[in-house]
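Quick setup: one chain, the form predicted on its own, written in structure tokens, and binding and motion questions come after.
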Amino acid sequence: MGHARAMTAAPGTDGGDTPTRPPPRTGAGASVYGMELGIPLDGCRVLIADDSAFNRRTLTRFLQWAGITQVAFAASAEEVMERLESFAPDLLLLDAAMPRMDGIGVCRSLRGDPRWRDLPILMQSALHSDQMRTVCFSAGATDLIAKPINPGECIARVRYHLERRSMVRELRAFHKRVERDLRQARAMQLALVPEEAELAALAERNGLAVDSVFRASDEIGGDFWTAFEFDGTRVGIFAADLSGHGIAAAINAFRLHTLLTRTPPEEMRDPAGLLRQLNGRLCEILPLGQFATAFYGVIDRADDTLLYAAAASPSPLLATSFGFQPLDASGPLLGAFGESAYTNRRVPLRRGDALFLYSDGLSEARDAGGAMLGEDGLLRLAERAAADAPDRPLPALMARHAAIHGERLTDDVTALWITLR
């Protein structure tokens, strides 16, 4: 009859049918069987399922030699299920030939239960044929050990599977922690972008219509954009793409956003001056080889113009009654060279005109054949979207883009369609 208990008996107290003692230990970790090459096993729980009392005592002794003191027992399939619930073992040492439902059936049943799908099951069998091994592994056994069981082999395999289970648990805990942190970081990154209601109010006050898309290829990325009002008639639009992807790019995006928000309003009037100032600070704080592309434009409703400067950003598209015109967005990268200079450019931006800003995640997307869209391809998409949906071209453009290049992103995507009303 099986029973569950913490095993405290010293080796050699089970009577005459106990196995031969291993070589005497000369100190902790000195024994071949108790070698401490991995994690300590004294906190691990092992359930032995075997209808033979002799086998249970023998296996218990082997586990003692490995330092495992928390052992429970089962002599039938029914007891296995009961002990699993109450004892929650880290490993099941299962006899393949138990009465009624044998170990094969027990193993197959456990693998069908999500609670025990990951439990290491070390099966023991007196049959050594390849067919028997195949049956055991097909039923879901993690490993197989042949009877008669040698203590060294048994302890080594038990230790291996317990250590592996411990490492898998640590990895899962780490993965959950990283996922949680990334979700929080993503929420912080989304907070860099103007909220929908806030953006709608800004657009209404300044006679603009603004549609935007902001997506990261991973949980977080290096794109961000923002919009703000100053001087009563001017709206600043800043969009940046930090090099790389993931956490490092996102941290650099936070750095750049912080620098931007600390800039006095009077210094926001001059796009080239702002980029020069940001470049100087980024050169001091960005690691070597990391940089940003950026666009900063000031829409002035007093004279309906756009004054802008760029740092190697993708060429924005200016849509007027004469068609689409790519704007010159050349300029030194932010954070690459300390003495870089930037150029202000001014273009008319009249009622009905639109400005389309985007990151290279949109223009550098590839179709199923591997062909890149490119800025010319994006220009054609923009022209078609403006023709098909003149009131809101951006959703139409993004739908067409997804139809050709898929929804799965390989880079962060920012897209802004700003129309003067």
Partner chain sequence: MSAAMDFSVREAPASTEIVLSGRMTFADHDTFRDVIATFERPAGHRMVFDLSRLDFVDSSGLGMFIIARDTAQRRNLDFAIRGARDEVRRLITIAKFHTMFNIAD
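Residue numbers count along the first chain shown, from 1. Everything numeric in this text was worked out from a predicted model, so none of it was measured.
Below: the form predicted in complex with its partner chain, not depicted.
Participant: In the predicted bound form, which of the stretches 243-251, 107-115, 133-141, 296-304 has residues with heavy atoms within 4.5 Å of its partner chain?
Facilitator: Among the candidates, contact is made by 243-251.
Participant: Just to be sure I understand the contacts: of Ala272, Ala336, Ala203, Ala97, which is the one whose heavy atoms reach within 4.5 angstroms of its partner chain in the predicted bound form?
Facilitator: Of Ala272, Ala336, Ala203, Ala97, the residue with a heavy atom within 4.5 Å of its partner chain in the predicted bound form is Ala336.
Participant: Gly236, Pro120, Gly331, Pro316: which sits within 4.5 Å of its partner chain in the predicted bound form by any heavy atom?
Facilitator: It is Gly331 that has a heavy atom within 4.5 Å of the partner.
Participant: At the 4.5 Å heavy atom threshold, is Asp51 in contact with its partner chain in the predicted bound form?
Facilitator: Heavy-atom contact with its partner chain at 4.5 Å: absent for Asp51.
Participant: Contact between Glu364 and its partner chain in the predicted bound form at 4.5 Å, heavy atoms?
Facilitator: Glu364: yes, in contact with its partner chain in the predicted bound form.
Participant: Evaluate Leu288 for contact with its partner chain in the predicted bound form, applying a 4.5 angstroms cut-off between non-hydrogen atoms, and reply yes or no.
Facilitator: Residue-level check for Leu288: yes, a contact with its partner chain.
Participant: Give a yes/no on whether Ala389 approaches its partner chain to within 4.5 Å in the predicted bound form, heavy atoms considered.
Facilitator: The answer is no: Ala389 has no heavy atom within 4.5 Å of its partner chain.
Participant: For a quick test of understanding: in the predicted bound form, does each of Gly323, Ala396 and Glu407 have a heavy atom within 4.5 Å of its partner chain?
Facilitator: Spot residues vs its partner chain: no contact at all.
Participant: Where, within 353-376, is there a heavy atom within 4.5 Å of its partner chain in the predicted bound form? Residue list please.
Facilitator: Residues within 4.5 Å: Asp360, Glu364, Arg366, Gly369, Gly370, Met372, Glu375.
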